[in-house]
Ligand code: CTP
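Given as structure tokens, the chain that follows is alone and in the form predicted on its own.
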């Protein structure tokens, strides 16, 4: 998404200026072209050479120099996104009131590129009504203002004003640089993901190999195109879930354990959603829970199981909502996928293999087959990374919705 995009990073004179180095590094890793503008006060905290070493581009501090290069004009034309990080109370005030007395403030006034401000300052300065009014004015003018983190400040106070995690800033950058005309933009999306855990006794349980990676990849892509996403999360890979939740704190997340809990939360959240993605690997059977640990005994042990609720089948489908199911199969993939599509009254079903070379469950890659009501043959999404397949899947679903609006 950021490859070859021209991003101008404005670094101002706050104690968090050194953290902008990590942001510049992440932008470069995403293959963006990064151009840094520093205020003179920023140079008191970190040198221009540090940014030049990372970005491989000239760092601009002065409004004019002896060359023919006029920075604020050239960067105004070049910029596809301007990030102000850290954004001090001073630069926020200048930008909100049209003051252009240095390179940074002149660029902000002259450029029509999207702007992302990352406030980082003393808590009292951030909460001051003048600063809050300036933030409101910038928001109304079309800028995106991040909420700072809460915590212990360098000045010794505790409260809002800390520079956010770089992963979270990158999430905001991706949203701003994403496709802006998606059908999903502004719509409420409900996604279930991960496996469920069915307890046998206080010690033991049964579950499955689902990692939740496909569901999280779908959520990430939908957030990027402007959807309002709610996740109902079962048992997932903790590392990727933690990374996702740090990056997209605006996403509503509800954690569940069992199939019964997932059913109850889906039922509660269903009324407000426009689209339901049932990407979770929900248990088909569950044991009767034993209050005490089941003791080892001689011979074989038989664990009786009973059916769990079929969440999709049990929902009274609203005709104005889109239902998208997932089918993980080890054989007869097309037959079972079509049966589920019709039997559960779905608009779409996404099928994949659970064994063999292209097994999807618990892995980082998958091959997907998208079935829908309007064509007999599925859309095949080639074997590849789940995050890439999520992008393609959303695009294919969007095309079908636009071609069949009813």
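As the structure is a prediction and not an experimental result, all values here were calculated from the model. Residue numbers count along the first chain shown, from 1.
Beyond what is shown, the protein has a form predicted in complex with this ligand; the following relates to that form.
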Using a 4.5 Å heavy atom cut-off, which of 86 to 94, 304 to 312, 224 to 232, 209 to 217 contacts this ligand in the predicted complex? 304 to 312
Heavy atom of residue 149 within 4.5 Å of this ligand in the predicted complex: no
Does any part of residue 244 reach within 4.5 Å of this ligand in the predicted complex? Heavy atoms only, please. no
Taking heavy atoms only, is residue 163 within 4.5 angstroms of this ligand in the predicted complex? no
Applying a 4.5 Å heavy atom distance criterion, does residue 340 contact this ligand in the predicted complex? yes
Within 4.5 Å of this ligand in the predicted complex, heavy atoms considered, which of 177, 189, 278, 82? 278
Heavy atom within 4.5 Å of this ligand in the predicted complex: which of 284, 264, 237, 199 fits that? Just give me the one. 284
